[in-house]
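Just one chain follows, in the form predicted alone, and it is written as structure tokens.
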């Protein structure tokens, strides 16, 4: 700190005396000399100034030095200002005594020895500087204590308040005068969460003496029986005789509330207030460790809302969020208080059941959950229906680790979705083997697609009226060489591709091969009339990049666009219906044809005919294969053909395998046939041979294996 110069007031009615004194005192550092020629002038200069020392002449006109000194000493502001009286006359003991009586601290006779005067003044200046420094530090300490934001109290060895800052007064809802001398234990009591002590002050002082600094949460009692939880920081002045204790304290109610909020945010999902993924995994690990100790059964349920994305995309995320909160509430209503529900992300939930008697208990809970969630939700004046699929895994006595239990539940959930959704599946070891097989197929499929090695076979579509093949359907196949001795059925690898992003690349490569073949046919009169149908999966048509991918592929080839047909099933419209309809109109505007595959098997096929720009209906093989055996089936197929004609659409009958089926479908008015009767799916290098009329088995059953259910 930098101290201001100490002021010294020199009072003498003779100017040359003042000059002489000033000259003597010049060697002193950090002083400021102020002169006064009379007693009244000296008093005037004292009004707004403080002086380290006053050198006061005794003999002055009007008001002598004794009178001036007496007036100065009688004022509250300057009664402690040191006064040294100076005189040029011989002084009697009576004069010296009088000087001390009026407030002087020293009495010097002129001429004064310079060294004596200089050293005396130097001592007074030093005292003044030390006092100024002390005052500054005291002021600074008080500012710090007031600005600290915490209550500060000094207690003596008996626990009585000796000092208290304004923040402490504010926290205690009292004033300084009322608090001084009051007892520590009057205000502070042991908090409920802390061990109880008969004499809390004695305990805290002992701990502070031993540790230097000690913290403790206590309850603060104030007027009207109000209480607050506060945190004390206690420091003991061990070197002092009274062994006083300094206590800093603050109200931590807001901090505790914030800590609790942060803990809640770290462990709970903000939307549903269920456990989040991290917290749920911790609870599951705890439950497994407990199951080992108490020999109990733990069950894990994975829930996934069926077609939640459709609701989110069509009705909006606000409805989706409300639905998730509603599902969370229903989970809580079904579960016991000891059960734990968590949201793992999106529309994925998990349930932890402890102390189950058997897996049957978990299955019973799953049934109740499925039934509860299936009830309509009323959200923003809209009735929303949603279903859930549930996978269950169990472990007895904590025999399996957390990763195994999670994997099993996930496998069981996939099995539930594959079984038709809105149901539950309990994990069995066979599911794991199936999952491993699927993982292997997925890995191989990834390599096949990356290397562009997929085979595409083509199944002919024969026109009875034209008596020739008029088109083919492109059907992707596992490569014949390089990836296992036995090719993997499309019934296995296509669903696996659809569950991943592989379906997009698979579809693109299939389309590319089909377009290349179409372009090659344009140079021959025997093939330029042929069309190719390419299947689109729900994942493809719902992709935002689909149209861009389509344009990119088509731009590389030249052929009449009307010779390329895209086939879709109803599953493509179950999610994002409006988006899919717009995409189909874009495809139609580009000049391509659209076909609805497996017509008659969906629950709302007729409604699509009103809104979709379809060109072709394909009668599902399940109807065709019952022709000639069931009159109801014949009537239904006839109705489908009539509906197609009413909408100006062509009809293709799929799965025709026998002469009887062929005759029946022809009699019902369908002239375009696809099936094993005329052609199984063949590689492109065999198509030219198939187009030769001599190989078409119109009147005879072909020498080919005819499976009851033909997989495309």
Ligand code: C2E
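Residue numbers count along the first chain shown, from 1. It should be emphasised that the depicted structure is a prediction, and the values quoted were computed from it without experimental measurement.
Not pictured, yet referred to below: the form predicted in complex with this ligand.
May I ask you to state whether residue 494 is within 4.5 Å of this ligand in the model of the complex, using heavy atom distances?
Result yes; residue 494 sits at the interface with this ligand in the model of the complex.
Report whether the minimum heavy atom distance between residue 401 and this ligand in the model of the complex is within 4.5 Å.
Outside the cut-off, so no.
Residue 322 near this ligand in the model of the complex, any heavy atom under 4.5 Å?
Answer no; every heavy atom of residue 322 is more than 4.5 Å from this ligand in the model of the complex.
Considering non-hydrogen atoms and a 4.5 Å limit, does this ligand approach residue 506 in the model of the complex?
Residue-level check for residue 506: yes, a contact with this ligand.
Of the residues 98, 477, 468, 437, which one places a heavy atom within 4.5 Å of this ligand in the model of the complex?
Exactly one listed residue reaches within 4.5 Å, namely 477.
I need to confirm a contact call. Of 347, 363, 567, 269, which residue comes within 4.5 Å of this ligand in the model of the complex, counting heavy atoms only?
In short, 567.
When this ligand is placed as it is in the model of the complex, which of 36-44, 49-57, 66-74, 676-684 ends up with heavy atoms within 4.5 Å of it?
Single hit among the candidates: 676-684.
Look at the candidate spot formed by 490, 536 and 597 and say whether this ligand comes within 4.5 Å of a heavy atom in all three of them in the model of the complex.
Affirmative, all three are within 4.5 Å.
Select from 443-466 the residues with a non-hydrogen atom within 4.5 Å of this ligand in the model of the complex and write them out in sequence order.
The stretch touches the partner through 459 alone.
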